[in-house]
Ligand code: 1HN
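As C-alpha cells, one chain now follows by itself in the form predicted alone.
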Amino acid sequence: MAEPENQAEREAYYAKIDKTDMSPLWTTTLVPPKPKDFVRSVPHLWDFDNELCPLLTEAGGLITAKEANRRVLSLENPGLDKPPRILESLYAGLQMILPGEVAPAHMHTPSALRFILKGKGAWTAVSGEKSYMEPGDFIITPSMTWHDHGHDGEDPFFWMDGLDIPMVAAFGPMFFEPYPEDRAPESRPPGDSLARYGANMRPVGETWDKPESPIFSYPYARSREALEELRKNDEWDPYAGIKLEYIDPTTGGAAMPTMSTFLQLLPKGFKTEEYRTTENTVYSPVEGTGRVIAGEPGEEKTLEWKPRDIFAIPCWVPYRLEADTEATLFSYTDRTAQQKLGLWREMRGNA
C-alpha cells in the first residue's frame, strides 16, 4: 500500500502511545489466520536411553529426592522460552526416585499425571491411597490433593510427569502447599478406588461429583488387554491404529478435567495417514520402535522413537506414525480443555 499522507503524524502518535500502557491494535496481528503463525513449539524427541536416563542418574548422586522436593528434569521445547514447557499448554518432566527415598508430600493447583517408564517397587500415594507402580501404568494426581512418592525396591525408578501448569498459569491461580511431614496419612487401602469404580460398578449410596476420575491408577496390564480384545475385530483406524481414551467411569468423559490421555496399538509395519489436530500432544512409546514424521510439506522432521522416549507434536502440525514392530504408545493432550472451550478441531488427511 502507498504511504499515507499523514505518515509522520501517525509515527508521532505511535511514539506517544509507546510511552503509555497501551498499544494500537491495528498495527498488530492479535489473532493470526492460522495456528502456525502463533505456535512457537516444534516437534521434538527426548531420548530416554542415551540422554534422559544418564543425566537423571547423574543427578541422583548430586541431590536427594527430599532436597530437591522432586528430582525432575523439565523437558523444554527448543522453540519456546522459559518458563519450561514441552508445548504451549503442557508441562512434562522426567522424575527419578532411588531405593529408600521418599519424595515429600505436597499439593498444588495444577493437575498432574504420572506415566511409568522403568523400574519396580516404587509407589505413589494420592489422597491417602497408596498405589504401587509398574511400567505403562497411568496415574492421576488431581488438583489440590496431598501426594507423595516412595521406593521400596532395589533399582532407580523413572516416570514421566505431565502437568497443566501453563494452562493454570494463564489464569493465575497457582498455589503450592507442603505437608508438615514427609508422608501424608493413608486413609484407604491400596487398590480401593479401582475396586469401587473400576468394574463398571460403584458402592450403593455413594456418589462422585469431582471433576476428575475417582480411579487414581490405571494399570497398563488392563489397558493392554483391552487393546488386544479390540484387535480381534480387525477395525484399524487409518489415522491411529486402535486408540483408546482413559475415561472417568462415572461420566464417560476424560479422566482429568484439563488433559486427555490415550493408549494406542500399531501393528508391525503399520503407517498412519497424515493427521493434524489443534491439541498439543506428548507421546511416550511403551512397546515397539518406529518413527514420527511431523511438519508441513517441505519442512518435515523425522524422529525415530523406541520405548520410554518422549516426543512432542505441537498444535496443528501434521504428522504420521510408522511402526517397525508392533507398538503401543501412551499420549496426553489438552483436548478435553479445548473441547470444553469449543476450540478443538482435527483434520484427517489433506481434506
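Values in this document were obtained by computation on a predicted structure and should not be read as measured data. Residue numbers here begin at 1 and follow the sequence given.
One more form of this protein should be noted, the form predicted in complex with the named molecule, which is absent from this view; the next part is about it.
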property	result
Contact residue in the predicted bound form, chosen from K243, H108, K118, R196 - any heavy atom within 4.5 Å of the named molecule	H108
Contacting member of A184, V72, M167, L80, with respect to the named molecule in the predicted bound form [4.5 Å, heavy atom]	V72
All of T258, E279 and R335 with a heavy atom within 4.5 Å of the named molecule in the predicted bound form	no
4.5 Å heavy atom contact, Q95 to the named molecule in the predicted bound form	yes
The named molecule contact at A122 in the predicted bound form, heavy atom, 4.5 Å	no
H149 within 4.5 Å of the named molecule in the predicted bound form, heavy atoms	yes
is_contact(E212, the named molecule) in the predicted bound form, heavy atom dist at most 4.5 Å	no
Heavy atom contact within 4.5 Å of the named molecule in the predicted bound form, the stretch among 129 to 137, 157 to 165, 197 to 205, 221 to 229	157 to 165
